[in-house]
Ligand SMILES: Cc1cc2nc3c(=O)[nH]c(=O)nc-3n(C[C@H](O)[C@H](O)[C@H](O)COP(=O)(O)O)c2cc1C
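Okay, here we've got a single chain as structure tokens, the form predicted alone, with questions on binding and movement later.
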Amino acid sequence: MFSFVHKCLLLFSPEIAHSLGVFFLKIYQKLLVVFSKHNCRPAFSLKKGHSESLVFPNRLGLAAGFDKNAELFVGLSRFGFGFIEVGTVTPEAQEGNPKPRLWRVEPEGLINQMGFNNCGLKSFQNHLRRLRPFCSVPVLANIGKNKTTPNERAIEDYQILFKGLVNDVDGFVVNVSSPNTQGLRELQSVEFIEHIESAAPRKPVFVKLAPDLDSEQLIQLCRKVNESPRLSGIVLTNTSRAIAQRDYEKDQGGYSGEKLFERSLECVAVARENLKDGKCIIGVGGVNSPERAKKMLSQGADLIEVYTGFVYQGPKFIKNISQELSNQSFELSF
């Protein structure tokens, strides 16, 4: 059934296909919730000496951007994901950039200029509180600033989101690298990471970085995260504006897909050289096969996320990769 629905969805334009996919997933999820006999939320936080740990049943997760409003993660978790990243959420609801803002490109790629379209913190929080008890894998919230918030006040938006969601999610991914909110990538700085560090709650907190950083910038940011007792690691990478411009002549938006894989792999390798073993790397970008997932792990990633491969290949793709990684659980101390 899922394979048939997936093939039909690819006949529509990308954003319409996504909306239809959301509709069908909500029906599937509703059935799961109605027929659940018990609360299946795991005891994810375990005492380990004087620290705590978060257990991922397998190393494959879904990247942010698919379940923008934390409405689908229960259904998505049943496809075989070991964790789900929801969002990006901002303090206030916003519509994002004007349409069209999502394009399919060959080979198996997407260019998006979405602009953090989301329902806002209050609705996002309500969705989590209603559905989180039925999800048996960790849920991370990807958080960002509102479009109208100037960079000099951006930390206030992240503080609001940390405070509002700390009891509803298992960890955070701080998004300072989307190319679709003007000025956001300027927050990829040591100074702003220091602000995030001071605001971070007692939960795993990751910083998501762009593939378009040069090596020296990436090393500096990795070393800052490495020094921080409050930050758990880095997500590498977000979408690439450089590839969108170079290969597709798109002056706006960011590219995701198989062309991003080699650059993401390079970034993961650089990060691993500059992060101690206790810091976690989530590798994402162009992972569209079990072989690529294993290669990402071999270069130093602790966890893997997918998005575009899932869009093009459907739930069977998740099953294939998760089976390959089924014996590879991961425990993150914080």
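Sequential numbering from 1, following the sequence displayed. Because the structure is a prediction, the values reported are computed rather than measured.
Beyond what is shown, the protein has a form predicted in complex with the named molecule; the following relates to that form.
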Checklist outcome for this item: Counting only non-hydrogen atoms, the one stretch of 300-308, 52-60, 26-34, 267-275 within 4.5 angstroms of the named molecule in the predicted bound form is 300-308
Next on the checklist: Please tell me which of 114, 187, 218, 119 lies within 4.5 Å of the named molecule in the predicted bound form, judged by heavy atoms.
Outcome noted: 114
Item to check | 4.5 Å heavy atom contact, residue 208 to the named molecule in the predicted bound form | outcome: yes
Checklist entry - residue 87 near the named molecule in the predicted bound form, any heavy atom under 4.5 Å? => result yes
Checklist entry - With a 4.5 Å heavy atom cut-off, would you call residue 244 a contact of the named molecule in the predicted bound form? => result no
Checklist entry - So, in the predicted bound form, is residue 110 in contact with the named molecule at a 4.5 angstroms heavy atom limit? => result yes
Checklist entry - Using a 4.5 Å cut-off on heavy atoms, what residues in 230-244 are near the named molecule in the predicted bound form? => result 237, 238, 239
